[in-house]
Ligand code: HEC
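Only one chain comes next, encoded as structure tokens, the form predicted alone.
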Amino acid sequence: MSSVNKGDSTVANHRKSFRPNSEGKVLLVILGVLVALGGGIATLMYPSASNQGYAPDQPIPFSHKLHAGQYKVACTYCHTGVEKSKHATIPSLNVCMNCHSVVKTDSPYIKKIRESFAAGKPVEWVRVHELPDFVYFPHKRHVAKGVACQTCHGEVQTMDKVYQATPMNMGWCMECHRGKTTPRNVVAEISKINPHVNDPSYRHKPIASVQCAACHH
């Protein structure tokens, strides 16, 4: 009986020796905090392109449903660079004031825009769609091919609050370039130059470039 008790005592002491002491617990907590901070910093430095559903609050609420939907304001009226630049560009305040110098001037939000315009300070809008720096995406080239804004940005004309509607990751882009999800109007235009794109045997051949250097340079 005594030998059994002695053995039990030895096992208990052995287990006790592996219990973390207070210093070990503190180190574990510190390690956990560092890992969390590292993850947060990595997220800021390398933002994900797959941020589908992201819908940040803006400093001034702007309803695309009202402007682009109800009042049929063309995307190109506000996003003036979309047809001639890599970027669609954020509308400058003078574009807003083209209408709001006489429309809904008593709105508190319009007053903020007017004050910023008078002070020469832009509104700090929160970016919704953001690709990594190593991705080259020229808006003008896609618009010229007939790709509608809604193809990438969703039905913006129905959005009171803009959000990222599509994945916008590499796989999603490649599905379009490979011809699997290419808009029909774009395929129709390409078929005028290359009739073979409508041939079933051509189905798995790319509609647009799938070379790395096309988007990464």
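Numbering starts at 1 and runs along the sequence shown. In this text the structure is predicted, and so the values were computed from the model without any measurement.
The following text describes the form predicted together with heme C (HEC), which does not appear among the structures shown.
*Asks:* Since only the chain is shown here, I'm wondering whether N169 would be in contact with heme C (HEC) in the predicted bound form (any heavy atom pair within 4.5 Å).
*Replies:* It does: once heme C (HEC) is placed as it appears in the predicted bound form, N169 has a heavy atom within 4.5 Å of it.
*Asks:* Taking heme C (HEC) as it sits in the predicted bound form, is N185 in contact with it (heavy atom to heavy atom, 4.5 Å or less)?
*Replies:* No - in the predicted bound form, heavy atoms of N185 and heme C (HEC) never come within 4.5 Å of each other.
*Asks:* Would V197 count as touching heme C (HEC) in the predicted bound form under a 4.5 Å heavy atom rule?
*Replies:* Residue-level check for V197: no, no contact with heme C (HEC).
*Asks:* Contact between V103 and heme C (HEC) in the predicted bound form at 4.5 Å, heavy atoms?
*Replies:* Residue-level check for V103: yes, a contact with heme C (HEC).
*Asks:* Since the partner is left out here, which residues of 131-150 would have a heavy atom within 4.5 Å of heme C (HEC) in the predicted bound form?
*Replies:* Residues within 4.5 Å: L131, P132, F134, V135, Y136, F137, P138, H139, R141, H142, V143, K145, V147, A148, C149, Q150.
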